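Let's start with one chain on its own, the form predicted on its own, as structure tokens.
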């Protein structure tokens, strides 16, 4: 390799204490993020994949090819075979304090799955974990929300279909819920190698912690309000706007900017165009909840907020991101408690994180795996001292 190719990034003083933003530290085989075209899974634009069976998208991340009909049938059957959870799960979750956040319940549940089911094989544990997530997440909803006892699993229905069946959401429309969550699951599977939750999960796995423990750590990263809770904040913002009237939206946006506020759901650290995942969700909203006032507000924000933000030359990306409308759609289809939105994000994202962990542990460096993460920190404000005897 030439010297030119070896120098990927020159580190200067200004790069320190910036959260590794933009630092190349490895390679990613599952997904990439193009500033204009958005997220791709193994080279496919996510917009092209949004209506796939969720199992087909998971297969793609692990095997790097889309399955044919026979392969997909076999993969679904294999996941269904793995889906049974330890019978003590219900008692374990029931003993958790209800005032714990749903993400804390999810992390506890993942720990339980690891304690009762890990094999020590990264690939096997990944598929087992993915297959058992529908029952874990459904039970987090039911038991913490007090909806009643768990509903028996029917994994032959498919991962999302079984999740909706076990969820048993009071007053929910199963058809709309299924369509919504199938798309939500695929859109949130993966997002390059360096987002916080994925990087944390891979870092923990680099110490040879199992895939369950690694994903518990990853979910702790996702739990933070700057990462996985963004769609919750976006829904709260849409509610705050209060009206789908475009003139009122514009006045609200201008007032928020003038007072130093944020316009939630717009802009992105990498993207410089409208997030394709947002486009998919706006189209979904038109199909399943076009008459919902909050969705109408979010839809009109797509036009009005962009127009106002484009007036500021310092705004690199005035366009909607994946979170701009997702919380509004979840609310419109029956997921009215936004505390659970990050759990639904995690339901999907553990598959992408697991696929990247498998690649780093079993494929990278000719099968030796990525070395344990050990980034360098530069000492600062540490003058040399000696302890002298009094």
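Note that the structure is predicted; figures quoted are calculated from it, not measured. Numbering follows the first chain given and starts at 1.
The next section is about a form of this same protein that is not shown, the form predicted in complex with a small molecule.
- The contact residue chosen from 195, 162, 126, 281 relative to the small molecule in the predicted complex is 195, the criterion being a non-hydrogen atom within 4.5 angstroms.
- Exactly one listed residue, out of 202, 191, 76, 132, brings a non-hydrogen atom to within 4.5 Å of the small molecule in the predicted complex: 191.
- The candidate spot formed by 227, 268 and 349 lies fully in contact with the small molecule in the predicted complex, as each residue has a heavy atom within 4.5 Å of it.
- In short, of 64-72, 45-53, 341-349, 356-364 it is 341-349 that has heavy atoms within 4.5 Å of the small molecule in the predicted complex.
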